[in-house]
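Before any questions on how it binds or moves, here is one chain, the form predicted alone, in structure tokens.
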């Protein structure tokens, strides 16, 4: 099948000569084993060429869907091509939950995990930290499984794998008992609160997000997702750290309708209908946009925001909204939160690739003293040497790639630049 697809944002036109959509595991094995170069495509919510190929591209979305809960092990096994919003309701109805979700329920499980995608929460890791096991088709077409229980350190290297070790077909995830949250939005958080109370603000709920457009030094919105106490009705004060409780549903981007967002105003609801920012049935975020994100040690949050504030005149004309979130530390080699509790500074840009590219270097220069790590699936200017220095296990992952894929079958232009031969 010949196709010229784009990613979700439309800024990347995939160059693959063929897009394959196998409907069985055997068909996928034959395809992988017989292709000289092939890349897996998830839901297309990456903003760079991480899923691109000049040869074959494959989606696992047409493989038989699977969502199997194992109560004895407290896990769920799902098809890698499924989107979180497609199985979360079933998981909830079975009495279970994932500890966290991304802001979009539209993203595929395999793609989100491979790139270290995350939600928010000072005590909650990124989506990949829930992984107990991966099933994947390796370069020779063989089905393999890598698990936390049996593969130890190798497992920690494989989870955030950038699609470089094989085509992931199934993922087993840790689950917890289902829970409910209420969501409150506050507006106009004063700049002074960032200087004195930022750690407390970020830790003030199960999941907290701050939104700014960089046109001033204040925060336009704070979204607090708070665990529901079954013995007490949800309540939030009208004033909080100098911010005002919103009186109607808000969208993170000024001027857009809050109707597309998950329910606010403190109405209790299950985890899968509160942790994401956007409803599954609507186009998320702005729709036409580019994205970048940098993750750095949480203790530098206030200083990093202040450093970026010094170039707000460069950022503000191009940004639709910027989100500040937290992620707990983990031990996954290529996770941007490897070994450190993290603050993530995210940019939703206007859809102007050249203009956005011109400001990324300035942002990375300002964040440089705070050891930033870019999100693998978004736009950044960081060079290979800086990436290598940012990850203590960089060389170990390069060796793992060479062992799993000695001929570079799962490589592409971007991976070859990030992990050149012999790195």
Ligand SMILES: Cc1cc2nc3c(=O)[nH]c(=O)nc-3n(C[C@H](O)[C@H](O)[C@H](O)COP(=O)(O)OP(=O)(O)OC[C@H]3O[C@@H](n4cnc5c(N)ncnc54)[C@H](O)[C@@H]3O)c2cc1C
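Residue numbers count along the first chain shown, from 1. Keep in mind it's a predicted model, so treat the numbers as computed, not measured.
One more form of this protein should be noted, the form predicted in complex with the ligand, which is absent from this view; the next part is about it.
Looking at residue 372, you'd find every heavy atom of it more than 4.5 angstroms from the ligand in the predicted complex. Taking the partner from the other structure, the ligand in the predicted complex has no heavy atom within 4.5 Å of any heavy atom of residue 253.
Using a 4.5 Å cutoff between non-hydrogen atoms, residue 157 does not count as a contact of the ligand in the predicted complex.
Interface residue remark: residue 325 is counted as part of the site for the ligand in the predicted complex, having a heavy atom within 4.5 Å. The single contact residue among 356, 60, 363, 32, judged by any heavy atom lying within 4.5 Å of the ligand in the predicted complex, is 60. This chain lacks the partner; the member of 297, 102, 85, 270 within 4.5 angstroms of the ligand in the predicted complex by a non-hydrogen atom is 102.
Partner proximity in the predicted complex, defined as non-hydrogen atoms within 4.5 angstroms of the ligand, places exactly one of 390-398, 65-73, 363-371, 43-51 at the interface: 43-51. For the three marked residues, 80, 168 and 289, a heavy atom of each sits within 4.5 Å of the ligand in the predicted complex.
Along 370-391, a non-hydrogen atom within 4.5 Å of the ligand in the predicted complex is carried by 375, 377, 378, in order along the sequence.
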